[in-house]
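Let's start with one chain on its own, the form predicted alone, as structure tokens.
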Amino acid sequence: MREYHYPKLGERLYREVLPNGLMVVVVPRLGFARKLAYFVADYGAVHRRFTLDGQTYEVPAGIAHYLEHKMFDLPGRDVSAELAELGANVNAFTSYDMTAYYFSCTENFEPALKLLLEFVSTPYFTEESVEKERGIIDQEIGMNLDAPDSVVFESLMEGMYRNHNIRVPILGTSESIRQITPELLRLCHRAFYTPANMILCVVGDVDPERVKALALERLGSEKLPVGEKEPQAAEEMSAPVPVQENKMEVAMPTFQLGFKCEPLGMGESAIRQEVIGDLAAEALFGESSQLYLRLYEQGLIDTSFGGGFETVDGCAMLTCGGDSHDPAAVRSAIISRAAELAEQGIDETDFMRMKRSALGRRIRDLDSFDSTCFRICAYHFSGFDYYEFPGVYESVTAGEVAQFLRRAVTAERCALSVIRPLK
């Protein structure tokens, strides 16, 4: 495997695309006992319409998450128990645009990695097991409907977007999961759980060549077809439903506020826009901003308040939220302050301090095995080498951030989701 050096970070890694199309990345951490492996598919909850072998398919909402649950089944075997016997902690998650399977261990790394590659690459779905899982996931959907944090965010997505599949929860609905069959699960696995649509990332004191050899041994060298995802429907930048309100068992109103932004696309230009969005969030309502301090002193927000810039395949948004007795007043203050910053500009000294702070946090995150693996995988699917982020931060200007605020933080692009107490 080829070794890459990043002098600005004092880091190095090994990377290679195998003949089967799988990207393999190894980040050496010499002397550490812990090892972490992520095996990730470029496939998530929003990818519901695709073409494979010349035929177009549309699958039910929630199928990516359903597939994640079912991948832990092998004929007559308990994958989780086998990994536990090896001393490995295994887990998985489905996001809007990717699905990850991962484990950490301090011993038996190679057998654990073999098992990870085996169960994720083996589609085994029976009518009985799929039906049994339906009840489990239906309970999970019910729990989400009783969780204020989930309801307030999913209501915000419904209010912000007309057509994008982010409008539908990652888990799907009780109705949509009833349409999922073993045949549809096999179809989605064949379309997206193929090496050319995946990445294997390992962090730890391991031999990169052994990781590569194990991947080829388990997955083979043949490059298989990948499903072609249909792009998400184009969206107007205005929010179709400016305010969504629900009532639940909460002690005080909780809210999520979002400003619709243009999709980012791919490559370095996309990551640059993400960094601009992150810095705009920090300048506008970060903990050290004037607005945050003013809202806190006025009692309009508390320590639960926070936000940032979020991206999903085909959409992006600036969001914030927390508890507040007057969410509408918080919304008005944010829009007004964004207009001030756009008009007056951002103080250069403040901007450089913010930029150094944000860059420092990213660099410190490299100490976390989990954060490193996750970001390398996510940015790979965006067409960007994550370890190149220092150069992006260095080149962003205060003027670009002010321009972003002028364009994105407006009443027309804004949606507000509020959950009020039942009493």
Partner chain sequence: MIQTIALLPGVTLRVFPAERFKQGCLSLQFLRPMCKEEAALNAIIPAVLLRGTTAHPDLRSITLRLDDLYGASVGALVRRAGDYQTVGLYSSFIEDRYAMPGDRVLEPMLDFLEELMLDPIREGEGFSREFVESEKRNLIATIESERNDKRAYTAAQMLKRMCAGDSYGVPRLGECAQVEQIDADNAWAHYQKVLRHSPVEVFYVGNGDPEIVAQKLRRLFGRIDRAPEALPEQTPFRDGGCGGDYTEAMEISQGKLSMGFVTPIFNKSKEFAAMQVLNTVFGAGMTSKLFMNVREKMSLCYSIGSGYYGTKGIMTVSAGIDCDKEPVVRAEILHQMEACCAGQITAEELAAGKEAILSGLRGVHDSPGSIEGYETVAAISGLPLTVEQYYRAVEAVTVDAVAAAARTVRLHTTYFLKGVDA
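Positions refer to the first chain, counted from 1. No experiment lies behind these values; they were computed from the predicted model shown.
In what follows, reference is made to the form predicted in complex with its partner chain, a form of this protein that is not presented.
Quick one: find which of 73 to 81, 151 to 159, 229 to 237, 187 to 195 has residues within 4.5 Å of its partner chain in the predicted complex by heavy atom distance. Of the options, only 73 to 81 has residues within 4.5 Å of the partner.
Quick one: in the predicted complex, does every one of Q290, S357 and R361 get a heavy atom within 4.5 Å of its partner chain? Yes, the whole trio is in contact, each within 4.5 Å by some heavy atom.
Could you check which residue among V90, C315, A100, L219 gets a heavy atom within 4.5 Å of its partner chain in the predicted complex? Going through each option in turn, the one that passes is V90.
Just one of E127, E297, E343, E183 has a heavy atom within 4.5 Å of its partner chain in the predicted complex. Which one? None of the other options qualify; the answer is E297.
Taking its partner chain as it sits in the predicted complex, is R49 in contact with it (heavy atom to heavy atom, 4.5 Å or less)? R49: no contact with its partner chain in the predicted complex.
Taking the shortest heavy atom distance, is A329 within 4.5 Å of its partner chain in the predicted complex? No, A329 is distant from the partner.
Should L264 be counted as a contact of its partner chain in the predicted complex, where contact means heavy atoms within 4.5 Å? Because no heavy atom of L264 falls inside 4.5 Å of its partner chain in the predicted complex, the answer is no.
Is it the case that V17, even though its partner is missing from this view, gets within 4.5 Å of its partner chain in the predicted complex, heavy atoms only? Because no heavy atom of V17 falls inside 4.5 Å of its partner chain in the predicted complex, the answer is no.
For the heavy atom contacts within 4.5 Å of its partner chain in the predicted complex, list the residues of 231 to 258 involved, in sequence order. If the 4.5 Å heavy-atom criterion is applied to its partner chain in the predicted complex, 231 to 258 yields E249, V250, A251, M252.
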